[in-house]
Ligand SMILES: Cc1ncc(COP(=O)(O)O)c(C=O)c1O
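Taking the form predicted alone, here's one chain by itself in structure tokens.
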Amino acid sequence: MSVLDLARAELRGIRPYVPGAYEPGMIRLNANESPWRSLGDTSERGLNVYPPPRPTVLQVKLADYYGIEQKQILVTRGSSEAIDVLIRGFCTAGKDKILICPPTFDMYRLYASIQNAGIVRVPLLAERDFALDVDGILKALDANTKIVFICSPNNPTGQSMARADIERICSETAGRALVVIDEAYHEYASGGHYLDLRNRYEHVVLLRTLSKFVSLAGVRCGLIVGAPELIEFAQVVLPPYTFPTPSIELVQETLSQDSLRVSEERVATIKRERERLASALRDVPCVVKVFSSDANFIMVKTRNGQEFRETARRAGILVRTFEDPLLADCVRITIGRPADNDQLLKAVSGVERTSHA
């Protein structure tokens, strides 16, 4: 069975749009562009011409960095667009469904809702520190469940999912559904990545992003890693020219060896600060529990989540609370610079001591 047998049948035969050719050194009169650059345009390519239909230069660099074949990569505007592309490509509106494991990244729900795809929820096991309910997931699958989303490390709980659980899901869903493993935070994890599962199972897809570890959240660069035939199909769903020229050039600079070395050093700093912050938060009286984290954030259970958030806000710091009942009084804290983390600790520790004086 081909992985594309799971895709929307009406999309498989669509011919992709063929844009006007771009050849260096040739006068380009085939794409209805302006022949002049705008004032202040210092880009290498020129913003008066369309960007490449696909940012091939980035695919080459990212394939080299991640150790992946270029034909297995599709660059998207953040991993959020990758989620949208996959749901639109595999879920027929009003018929097909995705499966998610809340509490998890809410964009899976949002994009499914926009596509009018059904949403099957198999909650994480809160009593087991938000582990996957593997039996529940496999039992909930039916013929119209086209995508299973697994976020590992999970946002907002922070932990990596047990590899044995993910392997079992991948093994038992072959030919039944895509398994999309969202690895947005994998650089901060100690348990490695899931490229081996992607290579073993045609229906396994990985999502990655440059928003976190190379500090490019404002550029919006993500990627789908999948079987070559899935990537080719996804390029039909994703229109050409979506990744802008300034972003291509900025990402190229960020993927230089010097820049990557700095990013890796910063990841190491975040990991050290994560452990320091977690240890210090365990001594804060209003904190009930500090959850283990493999991401660039920590989730804590507090006595009063709203009060914790407002205490931080008065100190000039924003933290995240949630409406999900499974996360009642839980707060997600992004790991900041050492001084930022010190300021947070001072605020939540000092106010707590004052309130009990």
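The numbering used is simple: start at 1 and walk along the sequence shown. As the structure is a prediction and not an experimental result, all values here were calculated from the model.
The following text describes the form predicted together with the named molecule, which does not appear among the structures shown.
- Contact with the named molecule in the model of the complex holds for none of Arg274, Ile298 and Val319, as no heavy atom of theirs lies within 4.5 Å.
- Contact with the named molecule, judged by heavy atoms within 4.5 Å in the model of the complex, is confined among 132 to 140, 162 to 170, 232 to 240, 79 to 87 to 79 to 87.
- A residue is said to contact a partner when one of its heavy atoms sits within 4.5 Å of a partner heavy atom; His193 fails this definition for the named molecule in the model of the complex, lying far away.
- Taking the partner from the other structure, the named molecule in the model of the complex has no heavy atom within 4.5 Å of any heavy atom of Gln115.
- Not displayed here, the named molecule is approached by Ser211 to within 4.5 Å at the level of heavy atoms in the model of the complex.
- Interface membership of Cys151, defined by any non-hydrogen atom within 4.5 Å of the named molecule in the model of the complex, is confirmed.
- Though the named molecule is absent from this view, in the model of the complex it lies within 4.5 Å of a heavy atom of just one residue from Ala184, Ile73, Leu255, Val179, which is Ala184.
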